[in-house]
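This document opens with one chain alone, in structure tokens, the form predicted alone.
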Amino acid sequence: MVLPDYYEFCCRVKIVAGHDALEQIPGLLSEKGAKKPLIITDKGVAGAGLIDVVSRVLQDRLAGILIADNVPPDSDLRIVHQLAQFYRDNGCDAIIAVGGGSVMDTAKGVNIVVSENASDLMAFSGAGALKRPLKPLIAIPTTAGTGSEVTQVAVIKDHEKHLKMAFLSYFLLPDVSILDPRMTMTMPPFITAMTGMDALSHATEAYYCLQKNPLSDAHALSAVSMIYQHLPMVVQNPSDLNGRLAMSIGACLAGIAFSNSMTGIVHNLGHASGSVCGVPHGLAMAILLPYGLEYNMHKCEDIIARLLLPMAGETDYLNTPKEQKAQKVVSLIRQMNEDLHILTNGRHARCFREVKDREGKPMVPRETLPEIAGAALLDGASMYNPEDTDYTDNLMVLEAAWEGCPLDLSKVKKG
């Protein structure tokens, strides 16, 4: 192994995990001196009864519980500002985020605005804009996918400008992350599959992107092993509590990994497809992950090949010829997408032309691919990809991912 000359690694989030982890919330709030938290969530989480579970834990210790459940499926700058004002008007002193990636990102955005006593979140976009700690934030994920409960990143969409803006700072790390399998039990198979593939993409890209280091590698490999083993089983058997907990831990490990090593072309194109066409993020990750591996194969084939060990096990790894290991990793991921497609009765798309909205209409018309390729040029994730990308490269990958055919490796530049 060639060690980097210099790297940084940080995860100062306190992780509380287990079948009764939620019961620790009152004590955790007390440690932070917080008495009036605002619970930020969405209507889907609230409607599934998950906020009731959290409220029952809190009601004996707090006089009043404030809940805001208007977070949209895709984070919204306007909602961030509304919730920040609600927080101030009610004299809150902490935030409890209960939900998936959009809820976590929204809560982080709200925390920036209230902690900085600001009026415009966008004044803090990019990296390094935050200079001091924020208000206490407890993150309770209800999906096993985004890893947002342990990341220093938030992505907020300005729907008026059709742009997703990234915020990056160690101060965005939640104070506490609570992993309790009760909070992911209500996810239907399709959402479980989609969010699980999101987590797998985090771990995989974290393992081969340019800012990788030995500590992020350890988290990434553990995450790949847990997710690859448990995801199909949990999709098939949603009531498996131990499998749910394993997926939550795997997603958390992946979040720690990519928060330190960053991501590349998979997320680059995934963010753009979400901005332009509204493709659910996890579904975009599942579709694009094999193509990201293929696109970077010539630059880091040996690194990609090592992913076969946590996926297939020692015997298969040792019995696979060296020159076939990396390509087998790609094949296994494509096979997992195929299996999830079957287990979810076709709702888990294998390529962009299969992605449909709730009315069954295509979400990614082929004529939108040039717009997606252009939008990806504005996303910073490409900075950490092993191979450089430009508009032509983006379009080439998108066209293959739309058709669902392997990437023509002869067309990949060898920079």
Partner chain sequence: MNSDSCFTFTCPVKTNSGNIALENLPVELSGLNAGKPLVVTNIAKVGRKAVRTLTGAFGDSGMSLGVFDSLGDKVDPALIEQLRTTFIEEEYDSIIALGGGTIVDSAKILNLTVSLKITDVRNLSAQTPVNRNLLPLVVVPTADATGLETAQFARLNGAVLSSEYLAPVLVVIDPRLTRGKDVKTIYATGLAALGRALESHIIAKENPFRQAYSFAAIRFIRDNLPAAVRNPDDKKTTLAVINAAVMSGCAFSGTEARPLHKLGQVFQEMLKIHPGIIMGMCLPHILDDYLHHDGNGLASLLHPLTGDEEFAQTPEVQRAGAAVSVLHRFMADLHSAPGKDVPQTLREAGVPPYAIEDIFEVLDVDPNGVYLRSVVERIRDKTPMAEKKG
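Only a predicted model underlies this, so the values are computations on that prediction, with no experimental measurement involved. Positions refer to the first chain, counted from 1. We call the rigid core whatever largest set of C-alpha positions still superposes within 1.5 Å between the two forms.
Same protein, other form: the form predicted in complex with the partner chain, not shown, and the subject of what follows.
Student: Which of R347, K32, K36, R353 has a heavy atom within 4.5 Å of the partner chain in the predicted bound form?
Tutor: Flagged contact: K32.
Student: Between the options V153, L200, L83, L245, which residue brings a heavy atom to within 4.5 Å of the partner chain in the predicted bound form?
Tutor: Going through each option in turn, the one that passes is L245.
Student: E323: heavy atom within 4.5 Å of the partner chain in the predicted bound form?
Tutor: It does not: once the partner chain is placed as it appears in the predicted bound form, E323 has no heavy atom within 4.5 Å of it.
Student: Using a 4.5 Å heavy atom cut-off, state whether L395 contacts the partner chain in the predicted bound form.
Tutor: Contact check for L395: no, nothing within 4.5 Å of the partner chain in the predicted bound form.
Student: Would you check, heavy atoms only and a 4.5 Å threshold, whether F171 touches the partner chain in the predicted bound form?
Tutor: Yes, F171 lies within 4.5 Å of the partner chain in the predicted bound form.
Student: Report whether the minimum heavy atom distance between A17 and the partner chain in the predicted bound form is within 4.5 Å.
Tutor: Yes, A17 is a contact residue.
Student: Using a 4.5 Å heavy atom cut-off, are P214, H219 and S222 all in contact with the partner chain in the predicted bound form?
Tutor: Every residue of the candidate spot has a heavy atom within 4.5 Å of the partner chain in the predicted bound form.
Student: Looking at heavy atoms inside 4.5 Å, which stretch does the partner chain contact in the predicted bound form, given the options 192-200, 334-342, 128-136, 70-78?
Tutor: Of the stretches listed, the one contacting the partner is 128-136.
Student: In the predicted bound form, which residues of 147-162 put a heavy atom within 4.5 Å of the partner chain?
Tutor: Not one residue comes within 4.5 Å of the partner.
Student: Take the rigid core as the frame of reference and indicate whether the C-alpha of R182 shifts by 2 Å or more between this form and the one not shown.
Tutor: No.
Student: Taking 2 Å as the cut-off, check whether the CA of S169 shifts that much or more between this form and the one not shown after a rigid core fit.
Tutor: Moves: yes, 2 Å or greater.
Student: A129: CA shift of at least 2 Å between this form and the one not shown after core fit?
Tutor: Yes; that C-alpha moves by at least 2 Å between this form and the one not shown.
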